[in-house]
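Given next, in structure tokens, is a single chain: the form predicted on its own.
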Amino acid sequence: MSGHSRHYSEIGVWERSWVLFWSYIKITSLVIGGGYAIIAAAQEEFVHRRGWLTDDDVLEMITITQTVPGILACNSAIYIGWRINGLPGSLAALLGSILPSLVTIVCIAAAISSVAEVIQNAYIQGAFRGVIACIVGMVIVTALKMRKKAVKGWFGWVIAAGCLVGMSVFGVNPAWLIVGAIVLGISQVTVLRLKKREGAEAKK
């Protein structure tokens, strides 16, 4: 049985940590476009390729990483590492997620004048535009895949539409939208439980 087809519980702690570290080295070295693009690549690696996580795990990860401070890419790496291999996995995934960027930044800083001239090259600018379009497509595909799990029922669609309008039309801070969605979600659960309790009492 190949390493890719084995569940993470079937291999040792250090091997899992190495897989997490090396996977994030590859992801953050090759993926350009920020946290959401990295999440899409991580989903492809750990859900579809290795089968170590599920789409529900990724949805939970997005929810948690969006509601805590910090860089989205690093937060998602910490979550995935912890989910797969505890503290050693979190440290390995975090190190793998920051090391390529750190090396790149140091190299750019060492040759900033030359790099600035290269970046202004029309061909390089064209390449960046192509990469940006590709990343947007990856993020959209990820969003569409998660849609059925993330948005359920009329209540979910109302919250999603309200957040979309709030951000795109009124420029509301995402933090306030998250807080509002949490309050509405808790309120809905409370109302449903009260109705269920009242219905049960009425039958007695």
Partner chain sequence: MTLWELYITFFKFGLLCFGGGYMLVPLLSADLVGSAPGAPLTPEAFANLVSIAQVTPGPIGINTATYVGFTQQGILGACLGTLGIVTPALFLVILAIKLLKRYEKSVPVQGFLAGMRPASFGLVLSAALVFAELSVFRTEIPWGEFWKMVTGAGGSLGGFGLNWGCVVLAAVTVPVLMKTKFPFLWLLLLSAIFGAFFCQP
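Numbering follows the first chain given and starts at 1. Since the structure is predicted, the reported quantities are computational estimates derived from the model, not experimental observations.
Here the subject shifts to the form predicted together with its partner chain, a form of this protein not shown in this document.
Its partner chain is not drawn, but in the predicted bound form it has no heavy atom within 4.5 Å of N85. Contact check for T67: a non-hydrogen atom falls within 4.5 Å of its partner chain in the predicted bound form. Contact check for R193: a heavy atom falls within 4.5 Å of its partner chain in the predicted bound form.
Although the partner is absent from this view, L53 stays clear of its partner chain in the predicted bound form, with no non-hydrogen atom inside 4.5 angstroms.
Contacts between 52 to 67 and its partner chain, taken as any heavy atom within 4.5 Å in the predicted bound form, involve L59, E60, I62, T63, I64, Q66, T67.
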